[in-house]
Ligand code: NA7
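Quick setup: one chain, the form predicted alone, written in structure tokens, and binding and motion questions come after.
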């Protein structure tokens, strides 16, 4: 293996750098993959659109951005020294602290010397004769590599709403996923926020503290549950650091890689009193306890789901004083947990404040953005600032924004036009040597992502080692393996209630024209996924063709 890039001719007289591997993205997955491949002695280059490491934590700087998984379950597990040195200050870390942590990791491992920042890849084309990928950046920079590894993230392609006049507003306008590095001052200002998903909930809580008037435009209400965040005191810090092996073992054994595991009992097998008491406890417990630590059947049995949905709606009605506002905030067209559950801190109490209004877009849709604000079917609202918390083209969106072409010029976007097709969520037919960390139909999409990132990266690293030791230069799954995995993905999700809801899990996004509604994650659970990946590797990468 050669750790230094080589100069290679490409398309005539032009010369481009050649690496063993190119990685797209310097978030948590790309950083860790770079580290592991360098350990093998490979020459690796990372191309990152942003100006620094961190991925989602580099871009999402909006007020209130923070983890919804426990901090100490989120960081990398491979560096024991770093685990003992680093102090998380809160049980659910805020964005600035998380970014500092990732920057520290990059510094300690000297990752930045192999990362090209402010370099957005626009094309990636497979050369069948040489079995290499050629990538081109927006600036025209070109590079070649045997392995192309995407680490683009599942929520990294922000979407703006399809509203007339969106560019006509003369005030300040921000998308939460492209927040400026300098603070935005909301003090005394008239602010409109469009969107009440997980991001909208976080930003609304913070803006309400200082805005002169806040108007929230809601299309689909969610079942938000209390985050339960608090500072980590010295004694808790010591206990956490002494418990890291147990913390990561618990994550490794849980369905979603979180510190929460479902209760084996059925909702309907316990008495109403016992059920209510259990839900009261879960509602007070921190993090995703209410979602992921609930009875085992709430995402499989509609009667069970109806009961827990009404319990959470009751909590919303108890916390919001105005009955009409509470009614608007209560979801009716989907069940609890069938969409990702936003975590909140006094979110519902925001609507008890006189300077906050809620506009239900199902009753009064937005007609256009004007020079001074937002025109709905009922009134024009004037603003100094508009915040778009309108989400992402989830999972496949970041892939679609790169022109990726495999064998015979096949475009990845065309291959996935009717929904993703992959083997293990890691590779697809027609795209040799292209591996997708946290890709569609990968367990990492429905997971405490860093825990599944480590599994993905370590599997890909073992594959790279295997290929080198056995003289292989090309890998691609068989059509039969891809068909079987894709069928398995849909069999698993169709056992649940998730297809009954429009969510980013299901690819439902009204801001993305012509995107087919189809499941984008994997719902077999992280332990089963890891076992299947390990089994395939142990059988000499069964289902793959190695040449």
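Numbering follows the first chain given and starts at 1. Just so it is clear, the model here is predicted, and its values are computed rather than measured.
Only in words, not in the display: the form predicted in complex with this ligand, which the text now covers.
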Proximity to this ligand in the model of the complex (heavy atom, within 4.5 Å), stretch among 24 to 32, 509 to 517, 475 to 483, 38 to 46: 509 to 517
In the model of the complex, the residue from 195, 406, 419, 153 that sits within 4.5 Å of this ligand by heavy atoms: 195
The unique member of 439, 287, 200, 432 whose heavy atoms fall within 4.5 Å of this ligand in the model of the complex: 200
This ligand in the model of the complex: contacted by all of 220, 340 and 362, heavy atom 4.5 Å: yes
Contact of residue 179 with this ligand in the model of the complex (heavy atom, 4.5 Å): no
Residue 391 within 4.5 Å of this ligand in the model of the complex, heavy atoms: yes
4.5 angstroms heavy atom contact with this ligand in the model of the complex for residue 504: yes
Contact of residue 171 with this ligand in the model of the complex (heavy atom, 4.5 Å): no
